[in-house]
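Just the one chain here, the form predicted on its own, laid out as structure tokens.
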């Protein structure tokens, strides 16, 4: 007798699982960056439009497919058409690539969390050199937070061609991260369903604490004014719209198969329409909420750096020109510079290269995303807070819960199709299948703990999913609307939720969303072609800064393989099934041919 499919304990557990998966690191470290780059509050206009045109409809579509077919991504698309099995396989491959490198972020978060209990924080100041006569040479040329990230955490090499050795501290943290993920997914929905209550709610608790603290920081208002001042001219910039669409697309986790996997454990009459709206709105609201927190931190950091710069200039001018103590202030600095230039032209001209041009606007304009925001900018702000250890522990616990929550979805996208397979489920228990997947990912993930590991991390982060996911979701919408049939899909939804989808959903599925995805696909394809030789940012220890280098040939080959490995699953699987059906038809026809006179 076939085992019944596991179910979520209640609809709320499913919603929490979706929120835990969708609300991830991108909400904290990419959305604020996009606001900063594309018009502050003005960026919300294209973002909300893309949420309506693309985010909610595609999320609803994936949840409905999973709930109706009651299978993981491979099985669900195979039911719609055997020729579409490759869509599910492509989703599993992309999720496998994502799991390989994404858990490295959790390893870094563990590393920083463990170091957060030190007083003072290890990234608060530069270490002394071997002679103890001054600061370490590399750290002196950069900042203490950058030094701790690039040298103490990554021990990064000068290029991708210098792989170096595995960093055992990072390797231990990675093994720990995978052990935590394994314990969370050990018993499928039974264990995941309990964990998501924590991973979905704890980040909001920490963000709320940071919001209260952030708003009380000196200079926080400067960051919030910067965020909420709309630069409407950016609405004419196509990249603002492209990035808004991309952020919605990847933030909701479309195309990975995770949402289909989660929905497959629902009751057949679950209202997936309502849940699609709730999850997408909570995800977008969280992005805006996280941006308010981030920009209050930005404002504090920018104001702190600006005032430090001003004080250094004041101290230098006071000492060099023997000015009276207190005569030079931030308010009269510009007029005093003009006075010193006219009174002591030669001396001031000689000193000019050392006099920094301090600007609050320039500090606020410094846009950072990804690991740079999460592990450098935030840690720099935290070190200047009172009770910095407490805020550091809270922050990295939040990063961990966001990262682990997303990993639950990533692993579900891989494990659900595997456990749905009768061959595997008969021979291996669920716990063993989960263990094998985690073990393989952990072993491959050790590549990212090499001295050049961060460069390989960037390759996977930039190229493993973008084009593949766009193609996957495009085929999904075409498959549902034109292969399975929109009218047939309407009837399925009527049976599931009690009413047919209205005109908005149907227009988005059949026309608006596919056109938008094709536009994004063309943009990224032409952008890659126009870029020419692909480049990356390498850390130059002698200068204490990032420099741009060209990827070597073998790295370009890996990028090509990453893109091809998932995208080619769709046409190749369809071709193999077509050939197998033709061969079967020929074999079935042979006995009849033999009996013909």
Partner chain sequence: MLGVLLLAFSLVTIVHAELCRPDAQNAFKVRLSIKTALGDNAYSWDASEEYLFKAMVAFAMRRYSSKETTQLSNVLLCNMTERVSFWFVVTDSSRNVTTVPGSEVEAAIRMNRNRINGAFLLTDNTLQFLKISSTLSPPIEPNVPVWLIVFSVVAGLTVVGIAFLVVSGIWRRKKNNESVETEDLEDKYDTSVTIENGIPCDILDLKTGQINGVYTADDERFTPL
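Positions refer to the first chain, counted from 1. Throughout, rigid core stands for the largest set of C-alpha atoms superposing within 1.5 Å between the two forms. Bear in mind that the values here come from a model prediction, so they are computed numbers and not experimental data.
The form predicted together with the partner chain is left out here; the points below concern that form.
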Heavy atom within 4.5 Å of the partner chain in the predicted bound form - the one residue of 300, 111, 396, 306 that qualifies: 111
In the predicted bound form, the residue from 447, 172, 202, 211 that sits within 4.5 Å of the partner chain by heavy atoms: 172
Contact stretch among 460-468, 111-119, 492-500, 219-227 - heavy atom within 4.5 Å of the partner chain in the predicted bound form: 111-119
Non-hydrogen atom contact residue 143 with the partner chain in the predicted bound form at 4.5 angstroms: no
Distance check, residue 318 to the partner chain in the predicted bound form, heavy atom within 4.5 Å: yes
Residue 346 within 4.5 Å of the partner chain in the predicted bound form, heavy atoms: no
The partner chain contact in the predicted bound form: residue 182, any heavy atom under 4.5 Å: yes
Within 4.5 Å of the partner chain in the predicted bound form: residues from 312-326 (heavy atom criterion): 315, 318, 319, 322, 323, 324, 325
Core-superposed C-alpha of residue 526 shifting 2 Å or more between the shown form and the other one: no
Per-residue C-alpha change between the shown form and the other one, residue 444, threshold 2 Å, rigid core fit: no
Core-aligned CA displacement of residue 498 at least 2 Å between the shown form and the other one: no
